[in-house]
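Single chain ahead, written as structure tokens, the form predicted on its own.
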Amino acid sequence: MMRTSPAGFALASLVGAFAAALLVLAWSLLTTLTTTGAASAPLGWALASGAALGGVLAALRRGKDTPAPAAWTAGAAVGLAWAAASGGAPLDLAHPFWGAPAAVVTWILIGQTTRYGLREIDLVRVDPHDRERVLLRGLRGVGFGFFVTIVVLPFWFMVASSLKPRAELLRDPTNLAIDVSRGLTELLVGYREVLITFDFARFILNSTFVAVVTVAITLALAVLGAYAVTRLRFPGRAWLSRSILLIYMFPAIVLVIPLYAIFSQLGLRDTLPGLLVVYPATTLPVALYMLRSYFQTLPKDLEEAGMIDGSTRLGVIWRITLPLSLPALASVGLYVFMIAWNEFLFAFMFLDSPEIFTLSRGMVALDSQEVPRQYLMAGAVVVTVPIMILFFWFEKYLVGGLTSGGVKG
């Protein structure tokens, strides 16, 4: 059996120390945010313990990997040692979960992370290529942790704040723990008040109506427009194809004032049909651009074969082009729905009557009243969660549609 070289041990220790520093910092942050005390972050001990753990994992390797049970066992042993040495308060904060149990769990994760960082690395003869692979894995871990933190932490703050009573929120607003012992009825008081008392249930229906109709109008116009600039020959076709996104050179705030005056004259201000004019107009250029790029990837031969068989142009679009473009249609539809659901500026300027408020306009009205902060957070969750569910449901279509358009456009 080949033995790990000194350079291999040094590399393993470095990976272990790096993983320990990151995860101990995350452990300390979670402990501070979910308890009433402030946890310490013993980085010196974490670096030393992580380096030792990395050396142990290097010694336990079989080929180019350390067996997972061995990595987990070694990590758990370090966690138990931390808990024992600190008297059950490894972060200077005694807690039934974030103390000794969290120490064991954290160090098992450190062991697994170190094992992953060293996987397929030759620790017998470490070359520059192996160091580069380890560096890239470390940067990927830092990037992943950074983006998870900036995405998950604000959302968790919003959810935790919405589930607290007012007195608790005022006493310690940074505590992100959720007291489930209060019962589901007490936890959801903020949501019940927001949906019923502040009429957010109606706002959800208004936003859903506006978003769905906007998607239908935009897709209908974008399909015909994109097909025309892709397949048909007419004067100005090249100029039209290049100037699709020209409208985005004008900031939305520049368009609001003239539209406000025009809609007031036409009686469209303070009506949902007014929004159904503005939203398709602002989302249509991107939708048309994305569909045009996707249509360019479709073979013309299929459409020509359909027309030879006697189908009309519209029949070809309906029976051949649209079924082949379902990923692009799904991605464009999701994009337009998200824009219409979250749009704020035009809704704020055009809508005055509470009975036709959309969710974003309702959030402003909620914020302008003397309402408890947890109600405001509950309203923010109500606005955010539906669009998140929809995004994750259609995410694979969104990525596929955007990728196809980007490569072939």
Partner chain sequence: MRGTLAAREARLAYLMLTPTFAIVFAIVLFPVLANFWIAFKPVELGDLRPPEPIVRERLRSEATAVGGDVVVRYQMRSSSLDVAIRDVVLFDALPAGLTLTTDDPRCEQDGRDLACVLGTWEGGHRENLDLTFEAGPAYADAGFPDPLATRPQMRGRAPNVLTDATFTLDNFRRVIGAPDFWPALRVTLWYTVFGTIGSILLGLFAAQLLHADFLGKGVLRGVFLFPYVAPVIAAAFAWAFLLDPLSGNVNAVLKEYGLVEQAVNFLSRRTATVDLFGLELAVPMALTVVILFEAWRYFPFAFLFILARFQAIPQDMYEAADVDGASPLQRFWYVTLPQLVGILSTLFLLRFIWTFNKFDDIFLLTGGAAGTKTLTVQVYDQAFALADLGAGAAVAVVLFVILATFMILYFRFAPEGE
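In this text, all values refer to a predicted model and were calculated from it rather than measured experimentally. C-alpha atoms forming the largest set that superposes within 1.5 Å between two forms make up the rigid core. Positions refer to the first chain, counted from 1.
Missing here is the form predicted in complex with its partner chain; even so, the following discussion is about that form.
Partner contact region in the predicted bound form: 153-161, out of 153-161, 180-188, 117-125, 82-90, criterion any non-hydrogen atom within 4.5 Å of its partner chain. Interface residue remark: Thr384 is counted as part of the site for its partner chain in the predicted bound form, having a heavy atom within 4.5 Å.
In the predicted bound form, its partner chain lies farther than 4.5 Å from every heavy atom of Asp270. At the 4.5 Å threshold, heavy atoms of Gly225 reach its partner chain in the predicted bound form. Residue contact with its partner chain in the predicted bound form: Val336 places no heavy atom within 4.5 Å of it. If you check its partner chain in the predicted bound form, you find no heavy atom from any of Ser5, Lys64 and Ala201 within 4.5 Å. None of Ala76, Ala102, Ala330, Val277 but one reaches within 4.5 angstroms of its partner chain in the predicted bound form through a heavy atom, and that residue is Val277.
Proximity to its partner chain in the predicted bound form, defined as a heavy atom within 4.5 Å, holds among Leu136, Ala216, Leu302, Leu205 only for Leu136.
Taking its partner chain as it sits in the predicted bound form, the stretch 135-150 comes within 4.5 angstroms of it through a non-hydrogen atom at Leu136, Leu139, Arg140, Gly143, Phe144, Phe146, Phe147, Val148, Ile150.
Fitting the two forms on the rigid core leaves the C-alpha of Arg242 displaced by under 2 angstroms between the shown form and the other one. In this overlay on the rigid core, Leu376 has a C-alpha that sits less than 2 Å away from its partner position between the shown form and the other one. Positional change of Val385 between the shown form and the other one stays under 2 Å at the C-alpha, relative to the superposed core.
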